[in-house]
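This document starts with two versions of one protein chain, written out as structure tokens and named structure 1 and structure 2.
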Structure 1
Amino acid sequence: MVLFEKARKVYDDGTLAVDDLDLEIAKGEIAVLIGPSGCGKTTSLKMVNRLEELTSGRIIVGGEDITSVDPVQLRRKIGYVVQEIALMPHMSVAENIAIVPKLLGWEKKRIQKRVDELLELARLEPTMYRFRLPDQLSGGQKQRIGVLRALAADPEVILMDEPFGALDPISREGLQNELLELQNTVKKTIIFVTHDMEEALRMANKVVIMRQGRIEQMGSPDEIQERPATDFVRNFIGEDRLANISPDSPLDTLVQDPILRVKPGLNASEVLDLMEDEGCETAQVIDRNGKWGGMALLWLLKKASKKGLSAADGVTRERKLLIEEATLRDAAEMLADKDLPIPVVSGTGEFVGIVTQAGIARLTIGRLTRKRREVLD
């Protein structure tokens, strides 16, 4: 259904983000792309609906080379769900779900019927939810509406970029189960991006482990767990990762992708706009070589922006942990002190990822879930 053939993306500044990716995703399959921050997951997704254009290679969706389809038409045929769902704040739940069907010129009756059908599918009573505004919904409900919106016009293919990444662990598990149930009925072809191995193993028919724009290993969840092909994969899955962690364990299991990474040269005001769009309080400033320039904070950026300075002038470099040294205890203590993401960097200054309070909570839940499974088995 979706075929990548030597798909390559080099950004204008020379960053090689996706390196001749070959990948085939069958109809009705959920493929999960997973890998460290910056390995090219988001870029791979965005090439499918042409939010980013391929530098070379081909992508075929439903038998059609995507470059032969008008990008706007293409995007109406492909559902897209991102981490921070941008529901239209002034539009009701029903109107938000109906965006694409409306663009496609569906009749009013048909749209109404479809909206109710979808709400029921997600067990949201239509009479209760149809006319609510987004700010009358919980985070989990918003994200659900985002998924329904992507399903609205019944696209064959759905792209999901860390769709549940911003949710607390309980809502997250709920939505994962719901999506799997939904998938039993709708049988879509889904490309799902995550940095969370538990989530990948739970959701995927096919797990695609990426590293530096390439596929490191690909296979069913069982294959990947039973036969990790390289040390990188072994580390990444870390079978004992959850069973054996202690407060003195290294940070690896906690590290996740930031929502926003920006280049140091951007104007502080541009970064403020991006943060507003994404609903973020922080952004990581990373140069083209992957070196960390600091964590941009709203108040620092506002000051920098008033003076017409760049993103690099609106950052703090105080808050950080070193991947080689820091332990889970260090992270937990820092987070208990202040609930702001902690950037994780290497001794040579490369950006590795961030750790968050939500991540710690997720780790705890993941561990308890696994313990429960062990007891049940």
Structure 2
Amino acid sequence: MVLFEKARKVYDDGTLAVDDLDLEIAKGEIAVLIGPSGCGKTTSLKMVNRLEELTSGRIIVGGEDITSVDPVQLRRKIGYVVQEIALMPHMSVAENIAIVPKLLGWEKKRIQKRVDELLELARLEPTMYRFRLPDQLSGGQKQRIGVLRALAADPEVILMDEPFGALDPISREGLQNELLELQNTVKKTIIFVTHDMEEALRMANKVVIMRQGRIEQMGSPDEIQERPATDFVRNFIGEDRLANISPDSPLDTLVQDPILRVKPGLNASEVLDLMEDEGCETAQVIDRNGKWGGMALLWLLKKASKKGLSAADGVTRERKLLIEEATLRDAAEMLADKDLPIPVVSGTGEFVGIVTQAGIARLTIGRLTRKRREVLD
């Protein structure tokens, strides 16, 4: 369904982002592209719908060379889901889902039927959600609508760029399950970019591990885990990490992105609105240089908001761990005392990420299931 033949992307400044990529993704397959930052995974994804133009080589979608198709028409035939869903705030849920079908000239009755059909597939009651505005939805619900919008015109190919990356672990896992269930019904060809190895192994029929614009290894999740081709792959999938994890292991195995980052200059009331939209009770305050300014807490923000103060006046700076020094034991003890995210910072004050109880649980489950496979083998 999607074929990369020596696909290459070189930017004007000479940066080689994708280097002679050869990859075939079959009809109905979920192919997950993963690798370290700058490996070319997102650029490869964007070349499929010509948001990034090929420098050389070919990409074939449904038997058709993408360069022979007008970019606008091509994008209307390919679904696209990104982390920042960017629903039109003045449009209802139904109107947001219907954007592409309207552009394609579908009849009104056909559009209405399609919108209701998709809402039912996502277990969102049409009569309840059809006329809601985006600001009346939770973060997870917005993400669902973004996926439905990509499916609306019934495209054969859907591109997903870290679609669940901004969600909390529980919402993320729920949406992963929903997408897999939905895929059993719609059977689309999906190219999915993530930085989360657990997500890749869970979602993919085919895992494509990239490094410096090239494919380091690809195969089924079982093949990747059981027969890593190189030391890079072995370390990247975390085999050694899971096998050798101990209470004194460093924190880097647990660090994840927060649900919400805010700038210190925002009003406390603005941050409260953002937290309500995302359904979370904390936010990390980070300045333009990446320096951590504290963790905003709901009850502190409410106090600051009543006085008309900024987000920086509703934070705590006491709860944190240093990435260079802290261990899994330190994080576990702090989380056992209080179930709040733990900000992780560098010795020079840069924000690294957060550690949560759900992150420790996932790591433990990953280790236990790996050990079980070893016993069964």
Ligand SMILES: Nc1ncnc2c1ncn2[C@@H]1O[C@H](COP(=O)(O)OP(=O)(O)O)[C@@H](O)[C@H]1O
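The structure displayed is predicted, hence computed values, not measured ones. Here the rigid core means the biggest group of C-alpha atoms that line up within 1.5 Å when the two forms are laid on top of each other. Throughout, residue numbering runs from 1 along the sequence of structure 1.
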*Structure number, where the criterion is the form predicted in complex with the ligand*: 1
_Core-aligned CA displacement of K46 at least 2 Å between structures 1 and 2_ = no
*With both forms fit on the core, has K302 moved 2 Å or more by CA between structures 1 and 2?*
yes
*Once the core is aligned, please say if the CA of L340 is shifted by at least 2 angstroms between structures 1 and 2.*
yes
_After superposing on the core, C-alpha shift for A326 between structures 1 and 2 in angstrom_ = 7.6
